[in-house]
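Shown below, as structure tokens, is a lone chain in the form predicted alone; questions about how it binds or moves come after it.
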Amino acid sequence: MAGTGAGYDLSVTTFSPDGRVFQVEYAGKAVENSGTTLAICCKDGVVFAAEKFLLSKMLVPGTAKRIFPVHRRAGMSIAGMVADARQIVSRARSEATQYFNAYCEEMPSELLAERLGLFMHAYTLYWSVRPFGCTALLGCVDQETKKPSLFCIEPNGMVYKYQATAEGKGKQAAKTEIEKVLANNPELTCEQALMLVAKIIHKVHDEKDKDFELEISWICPASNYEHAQVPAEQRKAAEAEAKRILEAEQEDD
């Protein structure tokens, strides 16, 4: 029984004397220990980026994804346990499909985010299950207005709407960099954001960690307002430019 939770962390249904649910907090720790992921609402769409650790040199590029499509105009970036996240992605797709079958139109982003929040919250209420060890960044573009929106769904079921945010190991440093980017570029477009998000991910990467593969996707005019992976040529060019700028900044220091 000795330890941080002192026995109060054995079940998700048990509150500690000071009102904490330790198992939900532990799920948050799983998110904090994962690679950094971020998303930005730009003037013309949404950009996602993820730091995907390479667990083996023999791993085929493009596998073990951390950014997933939900429906044609929505995508999701994950921080935390990818195995848990796949269930959230599956639930999001199911919710979107059921809504479309019932109403013949795409599910509003706010409603989809709230449904996912309720689903994740349900797993913090029963002793027979455990919380999801992941946080989801849900980005959508409205089919008619082309207005982008971004939501963060946490393991405890809370849903927050952001202009831009980051999760994972380097989230604090990434958020600081994102704030600088948006302050200097209020009319930032998705194509302009490519190099900037690549720079942020490389800058917050801990050299003690394994090598990583940069994963970027977007929903913008270049993808016909559909969620799609950024073409490999553009991604590599953005990554090369980001590395060049970071090296120049280090030399100046």
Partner chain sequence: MKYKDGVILAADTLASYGSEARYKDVCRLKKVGEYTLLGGGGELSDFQYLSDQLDEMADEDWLNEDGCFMGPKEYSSYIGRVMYNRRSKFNPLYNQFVVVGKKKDEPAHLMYVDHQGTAFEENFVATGFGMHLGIPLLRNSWRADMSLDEAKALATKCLEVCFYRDCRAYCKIHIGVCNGTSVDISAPIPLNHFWGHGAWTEKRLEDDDPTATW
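Worth saying up front: this structure is predicted, and the values here are computed from it rather than measured. Residue numbers count along the first chain shown, from 1.
The discussion below concerns the form predicted in complex with the partner chain, not included here.
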Determine which one of 156-164, 70-78, 129-137, 169-177 lies within 4.5 Å of the partner chain in the model of the complex, judging by heavy atom distances; exactly one does.
-> 70-78
So in the model of the complex, does any heavy atom of Arg66 sit within 4.5 Å of the partner chain?
-> no
Counting only non-hydrogen atoms and a 4.5 angstroms cut-off, does Gln23 reach the partner chain in the model of the complex?
-> no
is_contact(Asn101, the partner chain) in the model of the complex, heavy atom dist at most 4.5 Å | yes
Evaluate Ala228 for contact with the partner chain in the model of the complex, applying a 4.5 angstroms cut-off between non-hydrogen atoms, and reply yes or no.
-> yes
Restricting to 82-108, the residues within 4.5 Å of the partner chain in the model of the complex through any heavy atom are Arg93, Thr97, Asn101
